[in-house]
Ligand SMILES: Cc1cc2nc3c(=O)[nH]c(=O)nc-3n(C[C@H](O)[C@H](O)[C@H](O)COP(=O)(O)OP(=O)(O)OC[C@H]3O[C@@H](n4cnc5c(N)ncnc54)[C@H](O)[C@@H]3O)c2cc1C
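Only one chain comes next, encoded as structure tokens, the form predicted alone.
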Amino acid sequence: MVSSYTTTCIYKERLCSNAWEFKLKLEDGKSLDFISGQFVIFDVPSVDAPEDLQPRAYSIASSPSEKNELTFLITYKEGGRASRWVDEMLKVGDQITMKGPFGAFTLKEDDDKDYVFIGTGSGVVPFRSMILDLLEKEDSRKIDLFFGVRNEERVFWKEELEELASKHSNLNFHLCLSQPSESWVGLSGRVNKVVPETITDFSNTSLYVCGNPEMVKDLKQYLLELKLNPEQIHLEGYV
């Protein structure tokens, strides 16, 4: 049975031009048992009519070990209900009703394959949870995280992910921009182009892809053309 929780916003910060991070604390004595990669559903009010509540789903960015304080990220979508709620209404101290956890986009840990995580925009959120979980468990498998955004103004969590990669030799972080400025010196291009240029042998990998449905579709087609076992490929698209 899925449970409902009352939470309090304890932190909110704009990380870049189009992304907000916020943290919710469950009531005293309560905790949420979840698996990395899962999501919850919020009752999101309309900015114009706060009594009008509608459900919206968001992935949990925290490690499953953080059961009482959960981190979330939302990228801004013009006119979006949840975008306007976080941008214009949500403040520290507000109470939010949350249900969950939901979702089957979780790690399949019954093999010894290396992990390749590919996310665009807020599609990187479940991978943050997965990576923190794997590192806490001292899983020694190689992890490659590909994070694609449009330009420098839309980059978030860069320093955190770079620091994790510097501390853990099995973690490789690949930030790629599809429309970078002329001064950009990192990886350029869409992730479905950068990934096969970076990894040439997928035979011992489990691939997890999350983000824009078109990117997910294109990358799935490419991977299947490589004659990979479909069981190696795990997909999650969002709108």
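In this text, residue numbers run from 1 along the sequence as written. Worth saying up front: this structure is predicted, and the values here are computed from it rather than measured.
Quick note: we don't show the form predicted in complex with this ligand, though the next part is all about it.
Screening 138-146, 82-90, 106-114, 162-170 for residues having heavy atoms within 4.5 Å of this ligand in the predicted complex returns a single hit, 82-90. Contact check at 4.5 Å (heavy atoms) against this ligand in the predicted complex: all three of R56, S59 and E236 pass.
In the predicted complex, M98 stays away from this ligand, with no heavy atom inside 4.5 Å.
Within 4.5 Å of any heavy atom of this ligand in the predicted complex lies no heavy atom of F34. In the predicted complex, this ligand sits beyond 4.5 Å of every heavy atom of I118. Not displayed here, this ligand is approached by F39 to within 4.5 Å at the level of heavy atoms in the predicted complex.
For the stretch 100-134, the set of residues having any non-hydrogen atom within 4.5 angstroms of this ligand in the predicted complex comprises S122, V125, in sequence order.
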